[in-house]
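Next up: a single chain in structure tokens, the form predicted on its own.
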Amino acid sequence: MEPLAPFSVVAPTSLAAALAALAEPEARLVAGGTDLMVNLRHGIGAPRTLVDARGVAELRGIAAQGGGLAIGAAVTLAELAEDARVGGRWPALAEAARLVAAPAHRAAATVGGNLCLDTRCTFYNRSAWWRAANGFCLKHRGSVCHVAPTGNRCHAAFSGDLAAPLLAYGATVEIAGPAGARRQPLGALYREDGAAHLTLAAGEIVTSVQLPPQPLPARYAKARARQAIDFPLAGVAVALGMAAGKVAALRVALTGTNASPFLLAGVEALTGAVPDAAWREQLGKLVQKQVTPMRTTLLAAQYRRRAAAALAMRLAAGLAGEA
């Protein structure tokens, strides 16, 4: 770990004050800091100012909204996991929150931080001297992606857990910035580029997440090297609705394998069918075709691809059996 460069901390109590502070040169938003501070200790970034979001009233709380829920970006993962409304109607989201790291991390880490988590790679999340010895990388101070040296795109993987169940539920996000506020589907927050995976403009922040009023039954699971603390090597959320013994609706979302979380395409072809073993094999093949894990972790890409498919098949089977 490197010594931290000098910085100041401001603690605004309103969204307007937070946005004004973020407009200053080299300012960064921080809430729990469970990922950002580790990166800063690795010499990745040196902001002059950290804008503490924890005291911003507009970013806190979980409230009913239009039959669904609005979740503030500064809500902690512990608060999310323990909320009875979330666990009762949107259990996949509560499951994902409970699976993040350890209790101390969840007590500090926030919903917005997890959704805007920096991408990860074995060539990026290292000490400064190690990265310097390798000529740095395309994501930070270098010109080559060591995962795919002949390409021109960073392949660092997005490893936030919450995005997958939220995508499966069809959640939207509220964004605020210098140009005002807007709401958009969660998927529009991301792009498939490990070096610039968020579509937020300069000075913009996620302020809240909106859950729909009538969610499909859904579950979340992830593969990881250890059964605690680790980021997902493959995380899968499946939302499945049944009618007359057949699949009436299906949404599958994945995280941990690509540079951005994403909804599985082509699932419409799997609706209207009985979710038997052959159907699950089709689902698994569809997952394997669309995930693109690279050599960004300590485990093989093919393992992560097969793990994602196996998790999707297992979750779908469980949901169909419960219907």
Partner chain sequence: MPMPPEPMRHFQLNGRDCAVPAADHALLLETLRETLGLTGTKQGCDGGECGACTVLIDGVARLACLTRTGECEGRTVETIEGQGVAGRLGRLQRAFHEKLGAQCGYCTPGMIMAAEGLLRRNRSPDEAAIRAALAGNLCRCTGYVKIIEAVLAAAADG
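Predicted model only: the values in this text are computed from it and were never measured. Numbering follows the first chain given and starts at 1.
The following text describes the form predicted in complex with its partner chain, which does not appear among the structures shown.
- Note on contacts: among 200, 179, 84, 228, the single residue with a heavy atom within 4.5 Å of its partner chain in the predicted complex is 228.
- Interface residue among 248, 188, 132, 102, judged by heavy atoms within 4.5 Å of its partner chain in the predicted complex: 102.
- The three marked residues, 257, 298 and 301, fail to reach its partner chain in the predicted complex, with no heavy atom of any inside 4.5 Å.
- Stretch-level contact analysis of 65-73, 265-273, 289-297, 35-43 against its partner chain in the predicted complex, using heavy atoms and a 4.5 Å limit, identifies 35-43.
- When contacts are judged by a 4.5 Å heavy atom cut-off, residue 323 does not count as touching its partner chain in the predicted complex.
- In the predicted complex, at least one heavy atom of residue 108 sits within 4.5 Å of its partner chain.
- Interface residue remark: residue 58 is not counted as part of the site for its partner chain in the predicted complex, having no heavy atom within 4.5 Å.
- Heavy atoms of residue 9 reach within 4.5 Å of its partner chain in the predicted complex, making it an interface residue.
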